[in-house]
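Just the one chain here, laid out as structure tokens, in the form predicted alone.
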């Protein structure tokens, strides 16, 4: 009998344990989110934790987090196709696919925050380009188109051949857009003069750096858990390169965080100090000290310094996951505390109602919707990557 290459889109039997576990986690997360998605889409926002005083919550924070992963992933893809870094050969498609999946997930979370989601069409029909919001909406739309075109060109690009001029032009446009969009979300907060905590210097400039760090962390997960390499030495060098970059970015993150918080502290502006105290000692101390600092920064930094763990696929993926969890917490620690400041003295005690409170905690509905969106993104990424064969799995041969 002659051997033929298997033509099935994906075969669960050929998936490794990490892929199966990730798919299972995605299914569980999406199932947990079904109820929340249905409630938000067909009933409304009655069960959310934000309201008239706290206008942004968990969904806005997750939008910042997921958009950072998307733009950071595109930056990683350029290392193969623009800068020709040899050790990244074969990883560009996976990075582009990650960006194509996480950007719609980011837009879905911010869409849930809109009271009248259908009115987003007005930004396209009657845009005001002096508005940062309009710039971001149009930017995301163009960026998604750029990612689609880039991925299509990546599949047409023959391995080993130089990148053609048109492909390189699209890549450069996408590269600069990824920097603009990752910094734009920081500027969107920074220009909000009514929230002094966001106007402290260094807020907006840290977003592109953290977006690239998010891309590096996701790439650690992809390479550690999913990617296949003909030459295992390439995987080893990728772990070394990504590990050192992750260490450098972690140290940069600590420095920027210290500079940002110390600058906020030394101003002694009451509205800034209120938000800062909530982070360091108040309602959000656990999210800051335990999740962002310990789990998301210190533990991965220590593990990266142990070569036996840093070069192990399972541990490298776990390190990347911990850093991503830390970045997710970091986004909540930017958004939530700023909302705890009274816009007018005595306003929280002047009126009473279910959504008239500055003490914000995400509701079960918000957690459910977030779980559903992230679960859907996980399933789309893994199953899509299997169908598109971006993990470089060897083709199965059957008799």
Partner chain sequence: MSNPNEASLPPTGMILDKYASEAFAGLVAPALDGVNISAAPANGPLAKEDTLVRMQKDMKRALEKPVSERRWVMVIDLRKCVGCAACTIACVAENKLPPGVVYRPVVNQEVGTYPNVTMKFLPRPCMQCDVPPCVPVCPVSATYKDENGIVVIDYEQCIGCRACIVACPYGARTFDFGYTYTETTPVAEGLVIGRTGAESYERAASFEYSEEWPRTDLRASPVGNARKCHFCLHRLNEGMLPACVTTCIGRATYFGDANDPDSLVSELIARPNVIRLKEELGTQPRVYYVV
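From a predicted model like this one, the values you see are computed outputs, not experimental measurements. Residue numbers count along the first chain shown, from 1.
The next section is about a form of this same protein that is not shown, the form predicted together with the partner chain.
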{"query": "Contact assignment for the partner chain in the model of the complex, among 358, 343, 34, 27, heavy atom within 4.5 Å", "finding": "343"}
{"query": "Heavy atom within 4.5 Å of the partner chain in the model of the complex - residue from 66, 48, 373, 330", "finding": "48"}
{"query": "Which of 156-164, 185-193, 231-239, 169-177 sits within 4.5 Å of the partner chain in the model of the complex, heavy atom basis", "finding": "185-193"}
{"query": "Close approach of residue 133 to the partner chain in the model of the complex, 4.5 Å, heavy atom", "finding": "yes"}
{"query": "Any non-hydrogen atom of residue 209 within 4.5 angstroms of the partner chain in the model of the complex", "finding": "no"}
{"query": "Residue 308: touches the partner chain in the model of the complex, heavy atom cutoff 4.5 angstroms", "finding": "no"}
{"query": "Exercise: residue 365 in contact with the partner chain in the model of the complex, heavy atom 4.5 Å", "finding": "no"}
{"query": "Heavy atom contacts to the partner chain in the model of the complex at 4.5 Å, residues of 240-269 in sequence order", "finding": "none"}
